[in-house]
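As structure tokens, one chain now follows by itself in the form predicted alone.
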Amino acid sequence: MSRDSVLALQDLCVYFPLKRGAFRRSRQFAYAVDGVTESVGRGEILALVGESGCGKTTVARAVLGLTKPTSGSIMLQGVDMAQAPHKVRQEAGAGVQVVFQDPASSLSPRMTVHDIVAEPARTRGRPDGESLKSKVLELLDTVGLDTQHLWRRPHEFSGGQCQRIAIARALASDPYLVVLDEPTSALDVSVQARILTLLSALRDARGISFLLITHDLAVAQCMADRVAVMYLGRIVEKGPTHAVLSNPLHPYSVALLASVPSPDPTQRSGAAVLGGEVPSPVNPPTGCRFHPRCPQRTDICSHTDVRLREVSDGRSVACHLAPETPVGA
């Protein structure tokens, strides 16, 4: 873990055991996350992108301590979250907050905005009184709300306003890392733009790092400094956002970009649509996990495993056929 990293994952694996049937002798697992190594720098926004079920949300849950890793390590600000003493882990974990996908369901309907935002500040030792109220008002002002919203409840707000409240709640404990789990997918497009602008401004003003979980490449392009593309539990390509999205090296990354609809119906990507279904994480393919759907596969892809390798400064890809140096780099 570099000195400037707030989060470092090393060979992270999360396997979920399946219930045994009457005639099933061996235990089976769903390999949700299988050997992910990645880091998030201070003040950096890293986007984990991929189809639903690829493992990106499981990575986020492991970082948040909501899912226990099977193996590998999670380091937060240099603290090993599996090995460090409980008090040290508790302090490191308190600096990690989350903004969930559905803003309305993530807020208690019984609590006022004041109490929703104040609760994390209380847990961090800020006493009740005018000091706490001032802190709440400051946070609401930061996210574009004001005093008139203080004593209302979530059902009185729009989806975009609820997400602003959720962001204010996440900021209340002065985090160094915020996990954004599809933070705009439940919002209208015009509201999405405002929320993304707000999050980017918070990064610039406060130096907060973000781990962005999204299937929307437009959101990743708008916000992220770096992108890591996941497929069936593994990262298959990663690098600076502009480089990956403008010149993808892995066939899966190419297919993801080709699937993004163009506002101009006369423009076609020219890339073939992927055939078949995503293989089951219970029985992943041998060799490259993408090979059953890859239009460029060769014999080596089906029987020889492939891991990420660096192909240029800051860019890595897990593909037998990827060039050593990206075209146009």
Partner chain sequence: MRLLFSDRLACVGVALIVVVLMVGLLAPYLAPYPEQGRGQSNLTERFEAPNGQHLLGTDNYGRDVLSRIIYGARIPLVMGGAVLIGCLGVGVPLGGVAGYYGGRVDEAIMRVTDVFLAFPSVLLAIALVAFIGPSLKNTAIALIICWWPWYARLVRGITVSTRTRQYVESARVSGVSNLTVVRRHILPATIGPVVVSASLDLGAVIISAAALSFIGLGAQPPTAEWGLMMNEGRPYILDAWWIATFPALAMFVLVLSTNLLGDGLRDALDPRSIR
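All of these numbers come straight from a predicted model, not from anything done at the bench. Positions refer to the first chain, counted from 1.
Keep in mind that the form predicted in complex with its partner chain is not shown, yet the notes after this line are about it.
Novice: Would you kindly say which of 79, 245, 140, 96 lies with a heavy atom within 4.5 Å of its partner chain in the model of the complex?
Specialist: Spelling it out, the residue with a heavy atom inside the cut-off is 96.
Novice: State the residue from 218, 88, 111, 198 whose non-hydrogen atoms include one within 4.5 Å of its partner chain in the model of the complex.
Specialist: Of 218, 88, 111, 198, the residue with a heavy atom within 4.5 Å of its partner chain in the model of the complex is 111.
Novice: Which of these stretches, 42-50, 58-66, 294-302, 280-288, has heavy atoms within 4.5 Å of its partner chain in the model of the complex?
Specialist: Contact-bearing stretch, as computed: 58-66.
Novice: Is residue 100 close enough to its partner chain in the model of the complex to count, meaning some heavy atom within 4.5 Å?
Specialist: Flag for residue 100 set to yes.
Novice: Wondering, does residue 169 line up within 4.5 Å of its partner chain in the model of the complex on heavy atoms?
Specialist: Heavy-atom contact with its partner chain at 4.5 Å: present for residue 169.
Novice: Mark residue 208 yes when one of its heavy atoms lies within 4.5 Å of a heavy atom of its partner chain in the model of the complex, and no otherwise.
Specialist: Contact with its partner chain, no.
Novice: Should residue 120 be counted as a contact of its partner chain in the model of the complex, where contact means heavy atoms within 4.5 Å?
Specialist: Contact check for residue 120: yes, within 4.5 Å of its partner chain in the model of the complex.
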